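Next comes just one chain, in structure tokens: the form predicted on its own.
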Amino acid sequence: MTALISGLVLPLLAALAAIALPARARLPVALLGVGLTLAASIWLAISVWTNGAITVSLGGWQPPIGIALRADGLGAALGVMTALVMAAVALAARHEMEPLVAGPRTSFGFWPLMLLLWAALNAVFVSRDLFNLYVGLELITLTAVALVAISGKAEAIAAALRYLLFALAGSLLYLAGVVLSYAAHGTLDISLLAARTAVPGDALALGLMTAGLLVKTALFPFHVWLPPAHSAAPAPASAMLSALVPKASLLILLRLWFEAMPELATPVALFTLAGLGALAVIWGGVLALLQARLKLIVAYSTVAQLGYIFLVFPLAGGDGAAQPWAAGAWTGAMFQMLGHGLAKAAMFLAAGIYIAAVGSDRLSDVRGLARALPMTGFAFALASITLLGLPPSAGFTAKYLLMTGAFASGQWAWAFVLVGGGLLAAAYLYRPLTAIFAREIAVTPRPIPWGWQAVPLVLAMLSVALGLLSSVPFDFLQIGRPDQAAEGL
């Protein structure tokens, strides 16, 4: 219980302290908050591994009167992944967010926004109440939009406004579905909704909430806000926006379909969700091929990589009978969430180092930088292995489990999506890798401290280690998983 609450309270207190304390104390307090929250996230994961899923009723009141928090294997795993990414972002931001480098306003705003975003993400990972999840999503949106616009540049402000408009539309749709659910059942607790008596309005409520969450997840065709926002933000902010922010709305979507209202998972609905995911894989990959800037390539790659996760919906069933392949497909999608978060954060942080070194992330300007900055080049290459789905990375484990489910269930079309997406990823990542590892150096870089270069390298190595040592995280993800994840929708 203490570990669960600490993950919510510590980053919030650190954010408030970073605002209130003098400038010279801001960085030490923020880093202390990062360290303590990282320890709390690991402590929570150990508690879940030892004791199983942990449930806390706030104030001692049970739902529907009170609010329940629950840390299962998936929520705790996402919490640890988030903590690792946030710790890496904080270490990188020590260099990129210095007042003399980023400016006093950006330097002042970054740390409390980062910590508030972390608190909101942790709240979403453990919340079981649909309205509490809405509040968490809104805090995530507000902090993420502010992080996009924090530089004050015209490009960043325009991208932030577009992001805000899409996010508000998604929020209204989600909230409308929440209102309909509460009007019909008098509760918003996910566990109680799972035991409810179904009414005709449930399909409309689920549809509205799903539509809102798809917008916030940036699934095709609602993705148009994501690449400009991620490419315009400072690199540490881009790492959080790509690796972490879409995972919150995606997790709620999985909670709704696999736990709250699984009986509404008709074959048509599941095919539609996976179809949009398949289009995201193809469209995101094609657009990534056309970009000339490193951050835009990585941003469009996020659109493609998130699409893989939606293949879990048809692979988890839809015919009402137990499917033995469902558990593997569900776990594969969760591996994709975790591996993508680590690898994509590493890529954006590497891009930030290149921008700091040569003042640009255009492919023509980063040519040959692997010679001058070998650790950063190696980090980008390792992260690419995960996105390509090559062994022994987490991306390989994810795609192997999803493809096994596709073949076992006779749904071969989704296997072709996995293969085609991998080939597209190889094509669009080949261009930056060729540029970075070119023989000649296009622009002489300024020196970058080795400690800064080590930050994305550690994240990239973790994304590979997650696949190499996959048996432990595989078992951990099964703790508290919904029955539908094991038997199929």
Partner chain sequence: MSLVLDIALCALILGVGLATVAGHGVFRAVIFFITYGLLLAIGWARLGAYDVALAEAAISAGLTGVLLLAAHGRLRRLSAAEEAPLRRNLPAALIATGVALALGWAWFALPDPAAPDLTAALPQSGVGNPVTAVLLNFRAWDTLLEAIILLAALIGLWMLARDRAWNEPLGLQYHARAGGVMASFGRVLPPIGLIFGVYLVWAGAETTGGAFQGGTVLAAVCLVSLMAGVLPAPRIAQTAWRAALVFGPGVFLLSGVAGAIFAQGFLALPPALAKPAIVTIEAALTLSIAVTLVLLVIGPPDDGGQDA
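Residue numbers count along the first chain shown, from 1. What you see is a predicted model, and the numbers here were worked out from it, not measured in a lab.
Quick note: we don't show the form predicted together with its partner chain, though the next part is all about it.
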(request) Could you work out which of V419, I157, A408, A413 is the residue within 4.5 angstroms of its partner chain in the predicted bound form, going by heavy atoms? (result) I157
(request) Consider the chain as shown here, without its partner, and state which of F271, W283, F378, Y182 has a heavy atom within 4.5 Å of its partner chain in the predicted bound form. (result) Y182
(message) Based on heavy atom distances of 4.5 Å or less, which listed stretch (260 to 268, 235 to 243, 185 to 193, 296 to 304) is in contact with its partner chain in the predicted bound form?
(response) 185 to 193
(message) Contact with its partner chain in the predicted bound form for L8, defined as at least one heavy atom pair within 4.5 Å: yes or no?
(response) yes
(request) Tell me, yes or no, whether V29 is in contact with its partner chain in the predicted bound form, where a contact means a heavy atom of each within 4.5 Å. (result) no
(request) Using a 4.5 Å heavy atom cut-off, state whether P104 contacts its partner chain in the predicted bound form. (result) yes
(request) Classify G109 as contacting or not contacting its partner chain in the predicted bound form by the rule of any non-hydrogen atom within 4.5 angstroms, answering yes or no. (result) yes
(request) Could you run down 3 to 25 and flag each residue that has a heavy atom within 4.5 Å of its partner chain in the predicted bound form? (result) I5, L8, V9, L12, L13, L16, I19, A20, L21, P22
